[in-house]
Structures are given as structure tokens and as C-alpha cells.
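We give C-alpha cells for two forms of one protein chain below, kept apart as structure 1 and structure 2.
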Structure 1
């Protein structure tokens, strides 16, 4: 007899079973579904709904399920495949009790959360590794002056360390978001059954604790129908991939002949099938591409749930592979980005030679406004006129300032302004300019060192959080397996 369709329905058409089944996407759920069934069976036996011998037979069968469990597509999903296996191993009387007091609806919601929480911690750890590399590079290159950009045009002088720390700060915010999201993911739906719980006096808290969850999804309708935990996870991953894509884009630009700021290691590059001189930063290009996939997965998920009536609908089944796709692409991208960054070579000479004195123009305008008593907007016009003169004549901006500041200020500000050579150099020589920046978070090496220290502390704190959460899950799994062992052995 078909254990699912029973006397109610005849067998499905093969094409219908293939279209509606989820076996192809259920492999990640095998281990959590086994654990869920174990915890649920222990609870049923504890509460007197299943005989100890029947519970022991079911638990023994569940333990026998291999990691590479081959599933039958005709049984629709992982849940029915595992139940069929247990019935076959433990017998109909014992195995037939496996689904007492629960449904595929609460079970699948729980299993997805269990996989998602593991993936979140794995991704958070990968984020931490990239942060660690960025912080190390930031410290190493705290004094390497380079042009800062707006609109991809030279703007103000910064340092490579300052620039890399900006990428790190975005990444660390995403790590924090992910760990905050974990708290909402790690909530247990078990006990909701199909949507309205069951008439049995089940112990939801017991199952929740046995499975390592921190809380319950209390409302039983919400428990089976909500997938906001998945969408929130995918949202954070999409944000992370957007930031990672920006970093990848800069690596691609910096690797070009026009920039020549950096070179990726051979292991993360490719060449052309026809042009043997080429070295293409293909890993960075694919990370940029994977970001688009993360956005697509999120949009597909949002579109999927936007008009579903409560509670469970099979449409939700199609959200799960989108979640796996987001997690796997993000994890792979982070792991490769960390390795690629750690092996990159930066061209100090090229970085420094790219910074013209004109990038100090904003600071020159501010200095004139404060020191010479001219409104900033007027000083801005004066310096703008000098910048145009430099661009038109192709003469170094600092030299133009030394020659023509007096005339330009008299014409525009109606006030003759002059600066010493020392003042001009302090403002317009890039390294001097950077060192003058004393505001918190500015590109001066002193401020960079402060930021590095703070980021290292934040990183240590997040690493500790991830370790504690992993430890809590491991402890819960140990408790579950000890309880299974005791019941199997006839201990009470």
C-alpha cells in the first residue's frame, strides 16, 4: 500500500509525481529529518503514546539510514522516503507510529531551519576569514597612498589600507546581520503538525531543546507557513554579495593595464585560447556574476510568497532550492575571495604615481577659507579656476597654485591670497595631505591603526559568537544521540 495516498487516492501519473516531488532538492534535509524523527519519537515514548519497544525499533531504523540515502521519486520527498525506510526496517506496527503527532508541514519547516542555521554559521565563518585578510592587508598597506574615487574619477588622496578597510567594514556589517538573522532562523516549528497542532499532549519544548533550537515558532499556523526566515537569510546574503561584487569589480579594474594597481595570483586567473599574453581575473568575474544569482534567488523567493494564503501551500517547496543556491553561491564566493585577496600583489609605485596633486584641491579650498577668511564657496571657485588652468595647460596642479593663486583669488574673491611653498606642499603632496587628516575614521595611518584595532576586536567577538552557537548545536546533538542510545538499550 502507498503509505501516503493509502485508500484516498489512486497512484499519481509519473509526470505529476516528477513535477510536484522534491526529492532532487531534498538531499540536504536527510540528516535533519532523521534527527527530527528521533527527537519526536523520544517525546512520544516519554509521554506514553508509543511503546518503548516500538520507539526503540524506529530509532534503530533511523540510525541505519546512510548519509547518501537513495530516495525514490515516487514517494515525493525526503519525509516519505524516510518513513517508508523505517516501516520496512522496523515493521508496520512500530514504523507506522513514526508520523504520529506530526506532519510533513512542521517537519519540513524545521528541517529547512536546521540546514539554514548550519549554513549561516558556515558563511559567517567564511566572512570572518575574508575580514581577517582585509584587516591584515589594511595594516600592511596603511601608508601606501593611492587616489580615492568618486564617479570613478580621482577625488582625494587616501591609502590602500584605508580603502581595503572600507570593504571590510561593509563585510563586517553583513556578518553582524547574518548572526542577528540566525536568532530568527533558529526557532522550532515542531508540534504545529499540518497547521493546527494535534489532540495529543505533545511536548514542543522537549523537541525544541533536543534539536538545539533557542525558541519555538509558537503560533502553529505561522510555524508551518512562514518562510520569512529564509527570505531574511537570502536578503542578507544578497547584500553581502552586492558588497563582494563591488570588491570583485575593483579587483578586475585594478588588474587591467590601465590601472595596474594589483595582480591576482595565477591560481585565480585564466588566459585566452588564442591570445597567450592574457591574464584574466576570471574568479573575480564569476564572483561578480554570482551576485546576480543571489539577487535572482531573493526576487524569486519574494515573488513566490507574496500572495500565498495561510497556511501551507506546495509553492513553498520551490523556495527551498533558492535558499540552498543563495547559501552555496555566497559561501563559495567568500571562500575564493579570501584566498584570492591573500595572494594578491599590489603595485606600490603605480598606486602612488597615480595620485596627482590635484586630488588635494578640496583641502586647499578648505584651508584658504579658514586661514584667509574667505567663504568656502568662494574659495571653491578660486581653486576650481586653478584646477581648470592645470587641466588645460597639462601643468602640475601644485605648480599652477604656486604661480597663479594670488591672481585668481584677487579676480574671484576680490582678495589677494598667497601661500608659502611649505603650505602648498603640506596640502597637495598626497602623503602629507593624508597625514594631516585627524578626524575619526580618516585615511591617516594613525587613524587606520585605530580602526584596525577596533575591527580586530569586533572580529574576535563575532568569531566567539559563531563558536558558541556551533558548540550549542553540537551539545544538543550529543544529548539527542545519548537519549536515543539509552532508549535503544532499554534504559529509562
Structure 2
């Protein structure tokens, strides 16, 4: 008989049951719902609401639920499937107590948070792995000169290491966001029941601790109706995917025959047997498109919760698959990005030869301003005139400077200025140029090494935070299973 509808006669139309049921999406919730039922039952027994033997029977039945638990769609969702299983195994007297003092509303919110926190830690780990790769690559290519772009035009010389570390810094900020978000995800709604708690003296803190949560979602209406933890997770992931899409875009550009800056390993490209020189950077394309998917998931989620009155509304059920979608896409994108980056080859010769001396023009202007006492804006104009001459004549900019600086400065700045060949080279030969950059964070190999050191320290710290959180969850699970074992085994 239908556990919930009980004595009511008419059941749902099959298409209605299918449309509103969640069994199809509930698989990830099985394990957490089992644990919640265990922790809750331990608490009921501890507080004297359920006989020890009944509790033991329930716990035994709960332990017997297989990992690949087959759910019956007629029982609506994971909650009713598990209750039905326990009643079947442990009998109605014991199993009938399973839902005393709780409801599907608090249980589902708790279970989603349990899955989400695991996924967040997995993603944070994957982020750290990509950071590790980027830092390693940054170190290796700290002095590989390449064009620095604005508007996809060559603007100043930088190094490949410097460029890759810019991506790393964005990534590390995302990791921090995710770990701050974790605090709000890892809070326990259990005890809220439908929305107004129950008339029993339940111990919310006990259940909270047994399930590894760091805090309660205290207000019981808030506990069942808030999904901001999911939306925040999705928005952090959207930001992370946006940043990842930028790196993916560059890998696609750099793999083109026009750029030829880098080559993706065969394992992370699709190749063509008929055009083997063609390597389609399909993994990078997919990461790029997954960013759009993450944006769509977030928009779906925000629009879904907009203007919903309190407390629980079934709309919220649709949010969960979007959350998993965002998590899974981000995790896969990070893992693939890490592996693709680690196996990519960069073309040093091509990168270096792409940097024309003209991209040092702005630095030349600064130098002249400072060394020769010409106002910067005027020096800028002098150098501009030389650059124009170079562009018009197609003669190398550095040569034009050597030849015409004196005349141009006289004409424009009313002051004759000249530079030695050494000075010109120091500014315009790309590798010398980047070496002259002494400001914090600049593309000089020395600054890059300093940044790498700091990033590595930060990475260690974050790695240790994730490890601690993982270990706290594992410890809670051990405690829970120990308590279950004790009670079930009659030790208590």
C-alpha cells in the first residue's frame, strides 16, 4: 500500500507521477539519505523515542541497502523508497518509526548538501591540480619570451610563464571562493521536519555532528526552503568556468596553424587519419562550451527561485540536477584541462620570433622621458613618429630608432636626443626588455620566480584545508558507522 497516501483513494495519474517524481535524479542521494536515517535513528534511540531493538532493526536494514539500490518510481522518491525497504526488512513496528521526527523536506535538503560538499572538495582538489600544472609550466617557461596581447594585438613583450601564471592567479581566486562557499554548504537542516520542526525533544546538534556538518541551518523554515547554498556553488563554478574558457580559447587559438604557439598531445585532440597534420583541440572546445552550460545552469537556478514564497515548493526539486550538472561539468573540465596542459608542447622558436621590436615602443618612450628629461607625452609622440616611419618603410623599428631618433626628437620635442645601441637593444630586444622590468608582478623571470614561490605556498595551504575538510568528513562517517555498529550489535 502507498505509504504516504494511506487511506486516500485516488492516486496520481502516471504521467503526473513521472513529471513530478524525482527517482530518475535521486541516485546520488541514496548514500546520504541512508546515513541521515542512521544518524536520526541513533538520536531517537538515545533520546528514548524508539526502543533499542527497533532502532537496531532499522539500522540493520539501512546497512543492507545496496550501493546500486533499485528505486521504484511509484514510490515517488528516494525517501519513500528507503522507508519502504526498511519497513519491508525490519517490519512495520520498527520500520514504521523511521520517519518519526523528520520529514522529506529537511531530509532532502540535508542530503543535497552532503553530496554537494563532497563534490566541492573534489572540485577544489582538481583546481589545485590545475594550479600545480600551471605553476610548473610557469616555472619551466619563466623566460620564454612571447607577445603580450591587448585586443588580440601585440602590445608588449611578456613571457609564457608570466602569461600562464595570470591564468593560475584567476584559478586560485576561484579555489578560495569555493572554499568559502563550502562553509555555507556544510550546514545541517535536519530537525526542521516539514518546516516547523516537531513536538519531540530532538537533538539537532547530535545529528548534525554525526553527519559531519560544521553548523546547523538553525531557523527551521530557512532550513527547508533555502537553496542559496546551491546557487552560490553554481555561481562560483560559473566564474571558474568563465576563467577556464579563456584559457581554453587561447589553447584553441595557439593550436591554429596561424598561431602555432602550442600543440596539444594526441590524447587530448581529435585527429584525422586523412589530415594528420590537423589536430582538432576538441577537449579545449568542450571546456569552452561547458562554460556556457554552467552559465545556463546558474540562470535556470536563479530564475527558478525568483519570487518563490516560503517555505518548500516542488520547484526546488528541479534545481538539484542543475547543481550536479554544474559540478560534474566543472570537475571534468578541470581534470581534462590539467592533463591537456601537462602534455602540451609549446613552440619556443615561434613564440620568440613573433615578438617584433616595435612592441617595446612604449617602454622606449618611458625611458627617453626619464633619461632625457622630455615630458612623457612628448616622448611618446617622438617614438610614435619613429614607429610610423618603421611601419611605412617596413624597416625594423630598432634600426629606425638608431637612425632617426635624434632628428625626430629635435623636430617634435625641440631637444636632440640619442641613445646608444646598448640602450636601444636593452629596451627593444624582447628578452632584454622583460629582464628590465623590476616592478612587482612584472614579466621579468626574477619576479616570476617570486610569484611562483608565493603561489606554491598558497597552494600548499589550500591543499591542506581541503585535506582537513575531507578528513573531518571521513572521521564523522567512521563515528557514525561505529555508533551504528555498537547499537546494532547490542553493545549499548
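Positions refer to the first chain, counted from 1. Source: prediction; values computed, not measured. Rigid core (definition): largest C-alpha set, two forms, superposition within 1.5 Å.
As summarised for this chain, the second structure is the form predicted in complex with another copy of the chain, and the first is not. Relative to the superposed core, residue 407 undergoes a Cα shift of 2 Å or more between structure 1 and structure 2.
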